[in-house]
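Form predicted on its own, single chain, as structure tokens, below.
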């Protein structure tokens, strides 16, 4: 009987799920993913965790609770850095400890330490993650190679113009129809942390709401890495947050792009890095007024009516600007 590994549908699930699932599956494990976030899942987690932190971190607890009685292991990696010159929010590194302290009866947690800033640490972490399923390092390495190939396919699909949500569905074998291109439609760019933008609960399904308003969506993941690096080099100081660099670099690109009509920055309330990065993006947007710009700060109290009102007004403003031109 295959060992069951649970992956919460939260945080970096929206960036690395195809890599993680392929790796564990190749080693003979069965991967179980929690259901998409709902109000019920969120409330389950909130009963266990009450603290001053951002919405994405709060949501993890509900997903973990829904998986706890279905799996043999929970995969909650201890993420320090995923790039050599940046680091992640400290909440990622401390999350396994917080979960164990609050819910000591959870299944064993695979809290593998990932810090690519240390030489040789990546392969060591990969073996640590795989040895519980197969102690042969060559088989673990082959599983990782297969996972990397699947992950590259996943990234290519996004570069070709679909969202990470849609690319994950294709990876899981679902049929995804390409977004309808409406004549005269608007090109709207969305930026922000992936675990905020692509979770339909936290973002109130903003992508589908914008598409219903006739917009075509562009995201940070669609921008080549070299363009993002080029844009952030124009800043006087380096950005050390992984997704912060991606957010600012893609924002600068979209604000300079003649194809983009509007830019929306989705920010999670109580996110420290976002509060600082917003000032950088705001300043750029003020200097480049050709692209309409709006920031949306969200938390568990954000309502659908308020979201619809702001999006309707934003799209209407862009249409009026276009009509004047």
Partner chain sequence: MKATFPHMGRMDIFIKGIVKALGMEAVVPPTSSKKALNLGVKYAPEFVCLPFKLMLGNLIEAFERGADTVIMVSDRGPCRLGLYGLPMQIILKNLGYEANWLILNTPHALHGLFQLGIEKEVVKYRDKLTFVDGLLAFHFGWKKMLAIEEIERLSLKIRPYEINKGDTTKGLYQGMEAIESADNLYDLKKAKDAVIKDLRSIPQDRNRRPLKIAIAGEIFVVLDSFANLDIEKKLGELGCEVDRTIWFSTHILHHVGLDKFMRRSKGKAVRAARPYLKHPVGAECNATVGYAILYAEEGYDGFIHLMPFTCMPEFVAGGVLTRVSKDYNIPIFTVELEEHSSQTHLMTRLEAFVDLLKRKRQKRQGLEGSRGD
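Every value quoted in this text rests on a predicted model; they were computed, and no experiment measured them. Residue numbers count along the first chain shown, from 1.
There is also a form predicted in complex with the partner chain; it is not shown, and the following applies to it.
Within this chain, residue 91 lines the site of the partner chain in the predicted bound form, having a heavy atom no more than 4.5 Å away. Interface residue remark: residue 162 is not counted as part of the site for the partner chain in the predicted bound form, having no heavy atom within 4.5 Å.
Proximity of residue 216 to the partner chain in the predicted bound form falls outside the 4.5 Å heavy atom cutoff. Using a 4.5 angstroms threshold between heavy atoms, residue 286 counts as touching the partner chain in the predicted bound form. This chain lacks the partner; the member of 57, 65, 29, 33 within 4.5 angstroms of the partner chain in the predicted bound form by a non-hydrogen atom is 57. Here is the short version: of 259, 279, 40, 69, the single residue with a heavy atom within 4.5 Å of the partner chain in the predicted bound form is 279. Here the chain stands by itself, but in the predicted bound form one stretch of 125-133, 97-105, 202-210, 189-197, 97-105, has heavy atoms within 4.5 Å of the partner chain. Scanning 229-266 for heavy atoms within 4.5 Å of the partner chain in the predicted bound form gives 235, 236, 237, 238, 239, 240, 241 in sequence order.
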